[in-house]
Structure formats: structure tokens, C-alpha cells
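Only one chain is shown below, in C-alpha cells, and it's the form predicted alone.
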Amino acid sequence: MPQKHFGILETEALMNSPADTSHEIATGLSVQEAQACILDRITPLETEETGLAQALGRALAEEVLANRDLPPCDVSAMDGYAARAADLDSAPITLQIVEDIKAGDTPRFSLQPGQCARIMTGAPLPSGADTVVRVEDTRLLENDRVEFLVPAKPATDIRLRAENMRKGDIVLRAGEEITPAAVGVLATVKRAKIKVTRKPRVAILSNGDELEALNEPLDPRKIPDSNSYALMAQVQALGIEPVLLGIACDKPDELAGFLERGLEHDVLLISGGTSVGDHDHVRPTLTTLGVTMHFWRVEMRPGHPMAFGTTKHAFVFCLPGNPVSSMVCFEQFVLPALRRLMGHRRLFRRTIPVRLAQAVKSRQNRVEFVRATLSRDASGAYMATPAASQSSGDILSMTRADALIVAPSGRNDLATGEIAQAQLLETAIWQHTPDTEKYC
């Protein structure tokens, strides 16, 4: 679509035109109401085929069936000896080795009383065998004989036919995320190509005369455009490569051109320009371009001046200009929307209960998302320590945060030691020590 340029008369008409009155724009929604407003309007995108090597992180758009029994027959789970359990009741006892069986071999003999077979892990059991004894529980003798030092019950150390998957069974369902383990399953059932949901095309635009682009000389009077790149990285973390549209100045004609280009994508993320100042032109310009706005302002902090709109083909998220507010709004609203567009069933970040290492202040009418670091107490339970700075402009505090403590509205301050819910961030996936050494 060619870019449309607005002249002076068109610009004046744009700014003086009445707002869309076909519906009322909701204001002051709760976080849950805003999330529902967004997700109720979103369905997964169309499907496409991809190769197994490119499938990681995508959402399956079809059921995947097992194409074989696995294991295909009863196999040994240990290196040892296949035998008849009845022969070992009086252990220690000596049996005759009649063959060696490796993984991939076909057994040649059926075991008779007094006989056994040397067998490797994954090798098929010979007919007549009903147990496997580990090498460590035997003693090899001369003339292909072996002494069994312990008795064994039937089915010991045997992986039974089809215990992992049975031909025709559903092994992966539509909507499941393709994890490394799922890639292994797909390879097991010989699926070199699979059907997945298409990734959304995402555009990112920053708005404001005060912004300084990454490649511009340093100007102490301006603010670096960190939002475009933080949002870019949040989108990339979902496996999507967004398009950066740049910075639109606070001029309606220039802004309209940028917005038109952005609306050619499935999702447009706009940072800044959604407040109520005389030079905040984003919302009226979007309305003139045919975007139906559904809500403006959410009762949360940070992130209050958040707006959402749609066209027939695009979803528009107007995010606050403060960098932390922008990132937090992405976590609460954009991330679940993108994951639904991608066909995923799990849309939200995981939350965990935490004990507060310090008190948390909260407001009566807004949910507070409080940046915090996580640690463990003596019992192993998670402790959350609020960041010293909760300024919505302090993006450095986000780099050190593991989670967002959710301080509910309608509450007084949360006290030290109180249990609260914390929403994990990307950084919370990793930790300094394994925390398993005490068990290993």
C-alpha cells in the first residue's frame, strides 16, 4: 500500500474532525477487563507448514499421531542378562549363555530352562525371557556360563512394547508449544514437516518530538528512544522479528503516514503520545484512519495511559511513553495477545507465591506491578525484595528485576512477611546455582 501524505488542509480537518461516536470508548478498566477486551477479539492466525528445524517455539496447528509402537517390542532397560525369572528363584545359580543380543539385533534363540542371553540396553528380549538382571548382580564364569547372585521378579528392567507410545495414539495436540522435547517427539514419529500457526507481522513506532534516535548525535535536551528497542526485544523473545518504523514527530500529517504503514501489519505497537496533552495526536489520528478504539486507560501502575484499538485486519496497542510502563503493559496485554495470534494455549507469564522481604505500598484504586528480585529463604521458599526504584522512567530497574509483585487494588500496603503473588519475568528462568546439589 503506498504511503498517504496529508497536506495542511487535510491535517486541520484531521485534528478538527469529531471522534468516532459509533461506540463509546471504555476508560478506567481493570487489568482483567482490559485483557478480556483484547483477547475476546483475537483468534489464531492462519496456518502454514514449516520444517522441523524451524519449528522450535511455534504452536502446533494439528494433532500429531504416533506412527509406530515404541518400543516396537519388549526391550532391555539395562546392560545385563535376559533370563527366565523362574530359573532365578533359588539364586545364586549358574545359567548357560546361548547368545549375545545388541540393540538392533533379532534374537536367534528361544530361552529354555537353564539358559540366558547376554543383552545390551535397548536390545529386544528373546522369546522365553521375562526378566533382565544387571551385570552388577552377576559374575561371569568360564565356558559361557554366568552366576546370578540375586533372584529377579518377572518384568524387572524391561521396557514393554508400546509403553512410550502406541501406533495411532495422539502424542501432541494442536495449540501445544513445540519445545525441544516436542521436537524430539516429532522426529520420533518421522514428521519432517508440520503444520503450525503463522507468526504475526508486528510493527513498532515511537512518537514524540523529544525522542532521539539511536543513530543520531547525542543531544542532552532529548530523550533516547529506548522503547522501540526494548519492545523489539520483548517481541523477539517470542520468536517474532518485528519491523521498527522509527520515530514519528508530534505532527499529525507525519504521524498519519507512519501509522498507515504500521496498520499494514497484523499488530502495531505505538509507544508514547496517548495522554491528554495538546500535542498527543495518536488516538485522534488513529480514529481518522479507521481504527476503532475499544478502551483507554487501565487502572494499573505503571501503565495507566494504555489504549487498544482494531481495524478489520490489525490490532493496535497504544503503550505509555515511560519505558517501564511500556514494558509492563507489554507483559500484561501485548504478550498474551501475540501468543494467542500464534496459536498458543498458554498465554500468560507464570505466577508464584512469594514472601515479601519488605513492605509494598499500594493504591486503593489501582493494581501495582512492583519490580522485585527473588531469592530463597532457609526453607527454600521464594522471597521477593522490591527494587529500590519504582520510577516508571527507570528502565535500569527492569534489567535487575526477576518478577513483578502484584499488589491488588483495594488493599492497604502489603506488610513485610506477607504472602503475595509475583509474575515471573524472563530473567527468572535462570539462577546462579543449581539448587540440586543437596539431592545429588
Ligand code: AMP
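What you are looking at is a predicted structure, and each value in this text was computed from that prediction instead of being measured. One rule holds for the numbers: they count along the sequence shown, beginning at 1.
There is also a form predicted together with ligand AMP; it is not shown, and the following applies to it.
**Q** 308-316, 105-113, 225-233, 145-153: which one contacts ligand AMP in the model of the complex at 4.5 Å, heavy atom to heavy atom?
**A** Correct option: 225-233.
**Q** Should Glu210 be counted as a contact of ligand AMP in the model of the complex, where contact means heavy atoms within 4.5 Å?
**A** Glu210: yes, in contact with ligand AMP in the model of the complex.
**Q** So in the model of the complex, does any heavy atom of Pro126 sit within 4.5 Å of ligand AMP?
**A** So Pro126 does not count as contacting ligand AMP.
**Q** If you check in the model of the complex, is Asp266 within 4.5 Å of ligand AMP, heavy atoms only?
**A** Asp266 lies outside the contact set for ligand AMP.
**Q** Would Asn322 sit within 4.5 Å of ligand AMP in the model of the complex, counting heavy atoms only?
**A** Looking in the model of the complex, residue contacts with ligand AMP include Asn322, since a heavy atom lies within 4.5 Å.
**Q** Answer with one of Pro302, Gly262, Gly273, Gly80: the residue that has a non-hydrogen atom within 4.5 Å of ligand AMP in the model of the complex.
**A** Contact with ligand AMP in the model of the complex is made by Gly273 alone.
**Q** May I ask you to choose, among Thr138, Ser362, Ser206, Ser76, the residue with a heavy atom within 4.5 Å of ligand AMP in the model of the complex?
**A** In short, Ser206.
**Q** Is any part of 283-306 within 4.5 angstroms of ligand AMP in the model of the complex by a non-hydrogen atom, and which residues would that be?
**A** If the 4.5 Å heavy-atom criterion is applied to ligand AMP in the model of the complex, 283-306 yields nothing.
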